[in-house]
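First, one chain by itself in structure tokens, the form predicted alone.
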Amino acid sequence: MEKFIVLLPLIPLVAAIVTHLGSSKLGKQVVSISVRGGILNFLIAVVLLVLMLSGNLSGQVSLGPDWGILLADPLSILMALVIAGISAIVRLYSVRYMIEEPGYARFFVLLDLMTASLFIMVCAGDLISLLVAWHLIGVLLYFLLGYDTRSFSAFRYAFWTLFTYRIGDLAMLLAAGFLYHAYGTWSLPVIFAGLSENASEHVYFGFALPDIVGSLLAIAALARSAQFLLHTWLPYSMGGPTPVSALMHAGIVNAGGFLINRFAPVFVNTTDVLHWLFAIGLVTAVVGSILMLTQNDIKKALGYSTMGQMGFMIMECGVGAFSLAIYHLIAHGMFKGTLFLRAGSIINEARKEDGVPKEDLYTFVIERRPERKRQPWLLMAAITLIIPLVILVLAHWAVSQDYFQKQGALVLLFFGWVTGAQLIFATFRMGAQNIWRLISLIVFSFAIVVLGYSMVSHAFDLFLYPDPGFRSQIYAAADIDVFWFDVLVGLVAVITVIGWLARYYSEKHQSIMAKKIGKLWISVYAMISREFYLNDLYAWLARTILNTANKLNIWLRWR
């Protein structure tokens, strides 16, 4: 049954060829071939997932002894289903959205080729297939983002994307070279088997092979998933068609999380790579979330929102929650894809009227009518800090009693506690007329979300990594010294609690310090509005390099 996996990349590839050849005779009706192929892909992916869950699908299909391999494993089938579903929706949406654009059939040919490349990437069982698909995705995305050849900005930022992707491609190529030199094969299963037997057997430049390869793969993942300092292409690549933005933010930019999961046998044998991933993901999540709040363009705001979510995804990989990162990228892909497809309609409606209903909820959020009797701040602070912690601990204890023995799990619990406490704190500051009813609704909703997330993420963990020993190795690779871990968690928790208590207290006692902080915030906001001057820095570097090259050419008489 595993041979059916060949149909996943084959169908869109055939659809692209037929669409290109038949466009002159069938006209715009030729795109129906692409749409039907997308629907067929989705149905095949569903069948493959059902077979995988029932235990009737496993193994691989290969064209050669160690190349052209397609894996039928839980990760590839699950990702294939996501790609098939999102690409089918994008095709259906594009039928009417792109009908008045020149090169109508060409757009669907590019979509089909992109879908085929994505299928090969997630199912690749050898380094050659993975490298080819990884490179083609960047090239095809360049053509999709620059689809409107009349737009200079679209071409410019498509080139930004291509240039950033090449950084990750180079790192991927070097990682593949090290692995082939060490094991003499392109086959990923054979390489992973060699790593499990003796990971420290090969040493290059004084470093163990897993550390070198893991670092290079991390760079590839960071470039593809728009992590901090390599993120500038993402929010500015909105000049392409809306369906391309939906496909990119729903599937392509998530490739970093997939790559880390595919090479999990490498990362479990690294030393500090996962720690660096966590740190970079944390910075990206914070920066992306902050920049999202300062945008006045809806698509650019969605771009920075994606950046923040990709930061959270890399953070989850950094603490060893690899399967949770897959769940995160799937949930984010479905959510962000629909947001982009709806963005155009919302913009058109907002130009006519704001569309905000003048109802009780609107009056409460906007006008913030104060309640008649202010609740004691100490009581509300205790509720804010204790209730989210109790909900999180009980929910995770229900699905896995050993969850609290892992450092990465505790980090995730900490961030969940901060999020839940911040939600209740924001509710307290709103000052509703019936604060207890509102808090009860929020606590109930938070409990349902946490319980659902805990159960689904645990199911993903069992499905993707059924070996409990390997799951423990992943979390162990992300561990740090227990003493420093306790110090860091305790320090951050104390700072967080003091900050909340200070804010609660300041609600009742306004001080001169609040005015000084307000003035400081204006300066900080100015820096944020300029996006931390990173784009200015990169533009200055580009001009400097070009000017230097021009002077060098003149000096060497090359022009």
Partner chain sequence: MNELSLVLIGIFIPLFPLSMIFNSVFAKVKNVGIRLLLLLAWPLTGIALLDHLGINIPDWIVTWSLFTALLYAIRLLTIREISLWTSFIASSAWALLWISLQGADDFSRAYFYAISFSLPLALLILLSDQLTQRFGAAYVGLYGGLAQTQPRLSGVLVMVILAVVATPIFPAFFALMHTIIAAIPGSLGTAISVGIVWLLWSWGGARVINGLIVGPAKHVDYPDITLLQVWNYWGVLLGLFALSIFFVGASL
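Positions refer to the first chain, counted from 1. Each form is matched to the other, and the largest set of C-alpha atoms that superpose within 1.5 Å is called the rigid core. Bear in mind the structure is a predicted one, so any value in this text is a computation, not a measurement.
What follows is about the form predicted together with its partner chain, which we do not show.
K.L.:
Find out whether any non-hydrogen atom of D461 is located within 4.5 angstroms of its partner chain in the predicted complex, and reply yes or no.
P.N.:
Taking the distances in the predicted complex, the answer for D461 is no, it never comes within 4.5 Å of its partner chain.
K.L.:
Is F42 one of the residues lying within 4.5 Å of its partner chain in the predicted complex, judged by heavy atom distances?
P.N.:
Contact check for F42: no, nothing within 4.5 Å of its partner chain in the predicted complex.
K.L.:
Considering non-hydrogen atoms and a 4.5 Å limit, does its partner chain approach F470 in the predicted complex?
P.N.:
It does not: once its partner chain is placed as it appears in the predicted complex, F470 has no heavy atom within 4.5 Å of it.
K.L.:
Classify W397 as contacting or not contacting its partner chain in the predicted complex by the rule of any non-hydrogen atom within 4.5 angstroms, answering yes or no.
P.N.:
No - in the predicted complex, heavy atoms of W397 and its partner chain never come within 4.5 Å of each other.
K.L.:
Counting heavy atoms only and using a 4.5 Å cut-off, do S151, I167 and I545 all touch its partner chain in the predicted complex?
P.N.:
Per the other structure, all of S151, I167 and I545 touch its partner chain.
K.L.:
I need the one stretch from 72-80, 192-200, 334-342, 140-148 whose residues put non-hydrogen atoms within 4.5 angstroms of its partner chain in the predicted complex.
P.N.:
Single hit among the candidates: 140-148.
K.L.:
Using a 4.5 Å cut on heavy atoms, which of V95, I387, L451, L131 is close to its partner chain in the predicted complex?
P.N.:
So the residue touching its partner chain in the predicted complex, by this definition, is L131.
K.L.:
Even though the chain is shown alone, can you say which residues of 17-53 have a heavy atom within 4.5 Å of its partner chain in the predicted complex?
P.N.:
Heavy-atom contacts within 4.5 Å come from L21 alone.
K.L.:
How about L21 - superposed on the rigid core, does its CA move between this form and the one not shown by 2 Å or more?
P.N.:
It does not reach a 2 Å shift.
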